[in-house]
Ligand code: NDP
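Quick heads-up: it's one chain on its own, the form predicted on its own, in structure tokens.
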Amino acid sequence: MDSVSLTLGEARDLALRCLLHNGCDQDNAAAAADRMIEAEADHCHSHGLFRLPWYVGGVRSGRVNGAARPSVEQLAPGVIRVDGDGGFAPLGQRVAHGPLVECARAQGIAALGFVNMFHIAALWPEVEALANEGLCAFAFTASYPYVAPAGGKRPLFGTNPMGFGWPRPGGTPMVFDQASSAMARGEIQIAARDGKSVPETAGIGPDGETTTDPEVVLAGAQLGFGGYKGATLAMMVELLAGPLIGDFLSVESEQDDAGRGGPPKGGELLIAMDPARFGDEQGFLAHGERLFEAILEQDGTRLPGQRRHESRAVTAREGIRIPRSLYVEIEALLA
């Protein structure tokens, strides 16, 4: 595939200029650009510059507030609410990080309901940031209805990812970020763009037929990973990132978009826990390392997130490559 090479700095500048040109102010553009480049640096291309046209489309349509000013409200001693002011999630997450860390350290455990925002980024950056503070962290968010319930044929749930972070002594935290669907939506879209097939477990066609054609899956419904187990987790995330915190279900987000094709509006739930406040302040880190060591003793194993950190070291030196077609599309958005 014809591609374009960029340093991480060049890639960030490209995203920043494009967002500024299309209606974001400096704070919102910088936060969203940084989040995309974090994904590119970790070789998670489905959440990198691939998402930039979707960011731009949301602002151009007037649905997303490119000058959002997120606000923080304390609802209870251990509960914080952040109103994203109709903007993209990355700036609100920056605003929320400090209050959430402070609340978790004061209370031992703290929850953050993030509402009225558009989340189309990877989840691991927010949980990794919390784990870097020595906290154990969870994150949950929904999207548009893409995933059929177990036994069903029509999309109802989002791909509904969940993230988890665990601190480690003297090193990068253990972090994972995974969809409750068998494949992330962006991975299926990239397979369709590149003319590649997907596993039969990824999704079904409009009539429930088995398929390996990503275009047919995109026209039909995705499936939860592990059959009904993934679909059940998707349902759980819908409830945590929607009704619990007072924001949209995936189907409600689609109705709110009303066919404009912008990014999904909805909520995110973050939970941060201070392990030092749970009864083993001196031993919890070493105890966790015993588990990681036991995993790595077996040939062929690795810890979740390990490849991302390895990729991060490579891209810091060598930069990234993106399809020329994507580069041309981004350049057109700057015209």
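The first residue of the shown sequence is 1; numbering continues from there. Nothing here was measured: the structure is a model prediction, and the numbers come from that model.
Beyond the structure shown, there is the form predicted in complex with the ligand, which is absent from this document and is the topic of what follows.
J.: Could you spot which one of P161, G165, G230, G242 gets a heavy atom to within 4.5 Å of the ligand in the model of the complex?
T.: Comparing distances to the ligand in the model of the complex, the residue within 4.5 Å is P161.
J.: Just to confirm, with a 4.5 Å cut-off on non-hydrogen atoms, which of A121, M117, I188, L135 contacts the ligand in the model of the complex?
T.: Here the answer is residue option A121.
J.: Taking 4.5 angstroms as the heavy atom distance cut-off, pick the stretch from 281-289, 56-64, 22-30, 299-307 that is near the ligand in the model of the complex.
T.: That would be stretch 299-307.
J.: Taking heavy atoms and a 4.5 Å cut-off, does E238 contact the ligand in the model of the complex?
T.: So E238 does not count as contacting the ligand.
J.: Against the ligand in the model of the complex, would Q93 count as a contact residue? Criterion: heavy atoms within 4.5 Å.
T.: Result no; Q93 lies far from the ligand in the model of the complex.
J.: Given that the partner is absent here, does A234 sit within 4.5 Å of the ligand in the model of the complex, heavy atoms only?
T.: No - in the model of the complex, heavy atoms of A234 and the ligand never come within 4.5 Å of each other.
J.: Tell me, yes or no, whether V175 is in contact with the ligand in the model of the complex, where a contact means a heavy atom of each within 4.5 Å.
T.: Yes.
J.: For 41-77: residues with a non-hydrogen atom within 4.5 angstroms of the ligand in the model of the complex?
T.: If the 4.5 Å heavy-atom criterion is applied to the ligand in the model of the complex, 41-77 yields only H47.
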